[in-house]
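Quick setup: one chain, the form predicted on its own, written in C-alpha cells, and binding and motion questions come after.
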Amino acid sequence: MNKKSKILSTPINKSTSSLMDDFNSSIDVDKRLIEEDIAVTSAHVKALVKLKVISKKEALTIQKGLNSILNDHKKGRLKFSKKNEDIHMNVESYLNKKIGNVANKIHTGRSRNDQVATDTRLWTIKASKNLQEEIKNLMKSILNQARGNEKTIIPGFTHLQVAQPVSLAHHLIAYLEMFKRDLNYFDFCINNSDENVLGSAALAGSNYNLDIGLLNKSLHFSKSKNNSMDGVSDRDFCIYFLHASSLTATHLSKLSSELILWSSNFMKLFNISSEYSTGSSIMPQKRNPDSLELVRSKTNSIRIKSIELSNIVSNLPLTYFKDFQEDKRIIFDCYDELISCIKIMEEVIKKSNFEKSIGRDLCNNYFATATDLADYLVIEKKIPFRDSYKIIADIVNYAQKKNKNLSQIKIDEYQKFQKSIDKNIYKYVDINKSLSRKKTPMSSNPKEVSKVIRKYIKFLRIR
C-alpha cells in the first residue's frame, strides 16, 4: 500500500494503492487544462475576497503563486503527480509548496465538480474558436483556387458519372458553403458552452454567497447555470463540440475522397503537390496522395468520438460520476486530430493545382450537354420534355456507336432523329455556352458564381 500522504488523505479517505493511483489519475490528460484551472481559481479567489474569506493581502500572495505556477508550466518545469489525481489538486499542491498554508483557503465554497465543468467549458470555447480560425484559413485557400476559374470547365458528376458541365469555381464554392455551415455550428457550440458553473459546488450549490456577476465577468461568461445539479452533470456542450467536429470531419472526408479520385491516372483533374504526396517503395513512377488518404481515415475516426461520449453519459443518473473523467480525453483527441486535418487540407489546396485543360474534353467525350440538347427541343421546337429526352437518348446512343461526340454529329444526322432540328442545336452543344445558359442565382452561370465569390471575399475578411 502507498503510505505517503496527499491532499485528499484523511482517516475516511485513506491512502490508496499505487495501482489505484495510476488507474484513478487523470493528470496525464487534464494537465492540458492548467491555464483554464488557474483562471478559474483566480476568479474564485476574487469572489472570496469580496466575502472577506480571503484578505486582499492573501489574494495577492495567491495570485503571485498562481502566476509562478503558470510560468513554470510554460517553461516546462512542472512535474505533475498522479498521487494528486488531477490538474486541480496538482495546482493546489504546487501552490501550497510556493506560498504555504494560505493556499489551503482557495477551495472554500467550491468543489472539483463545478471547477472541472467550468474549466472544460472555457477550454471548449477556446478550442472552438481555434477551429473556426483554421476552417476560415482553409476556406481562403479554396476561395483563392476558385477566383479566376468561373469559366474553367469541369464535369459535374452524379453517381461518379459525368453529368453536366460546371465551372471549377462553382464546384469549389460548394465546399465553402459546407465549411461556412461548420463555422455556424461551432458558434452554436460556443454559445451553449457559455454558462458558468461556479457556485454549483458539489451539486447543491455553495454555502457562500459568491458574487456570480463577478465570477462571470472575470471569466468572460455571459451567464451562469440556472441549476446546480445540471451544472455539474451537464456534458451536452462537449457533445455539441464533438458533433460540430464530426460535421467538419465529414466535409473534409468528402473533399479528400474527391481529390483522391481527381488525382488518379484515370481522371487527372487534380495535381497534388509533391510536398503532400509520397513515393512507392517499389514502383519509382508513382506518387501517392497519402496526405489526403490520412485525412480521410482520421476524419472517419473523429466522427466516432461523439458516439463514444454519448455512450458514456447516456445512462448516468444525476449528478457527478467519475465516468465524466473520460470526456476530456475524448474532446482533446478529437480537437488534435481535427485541427491537424484542417491544416493539412489547407496546405494541400494552397500548394496543389487543378488541371484546367482536361475538363472540357471529359464533358465532350461523355455527352455532358445532353440535357442542354433536350432543352433545345423544348425551348425552340416546343417538344414536351419527356419526348425530347427520348430523342436525345437515341442521339447519344447513336453517337456512342459511331464513336463521336455531340459536336461532331452533322446536321443531317441529327435530323434523322427529329426533322425540325436546325443548326441552332450547335449553340446548345457548345460546352462554354452551357454555363451561361443557366438562369437561377445558385447556378454555375459565371456571372452568378462571380457574385458568390465576391460575397465570400467580404465574408472571410470581416468575420
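Quick note: we count residues from 1 along the sequence shown, nothing fancier. Here the structure is a predicted model, which means the values were calculated and not measured.
Although it is not shown, the form predicted together with ligand ARG is what the next lines describe.
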(request) Using a 4.5 Å heavy atom cut-off, state whether Lys328 contacts ligand ARG in the predicted complex. (result) yes
(request) Flag Tyr175 as yes or no: does it have a non-hydrogen atom within 4.5 angstroms of any non-hydrogen atom of ligand ARG in the predicted complex? (result) no
(message) Taking ligand ARG as it sits in the predicted complex, is Ser434 near enough to touch it, meaning that at least one heavy atom pair lies within 4.5 angstroms?
(response) no
(request) Check whether Asn113 has any heavy atom within 4.5 Å of a heavy atom of ligand ARG in the predicted complex, and answer yes or no. (result) yes
(message) Looking at 414 to 422, 25 to 33, 401 to 409, 434 to 442, which stretch has residues with any non-hydrogen atom within 4.5 Å of ligand ARG in the predicted complex?
(response) 25 to 33
(message) Can you pick out, from Tyr335, Tyr376, Phe324, Phe367, the residue that has a heavy atom within 4.5 Å of ligand ARG in the predicted complex?
(response) Phe324
(request) Quick one: from His88, His170, Lys305, Arg121, grab the residue that has a heavy atom within 4.5 Å of ligand ARG in the predicted complex. (result) His88
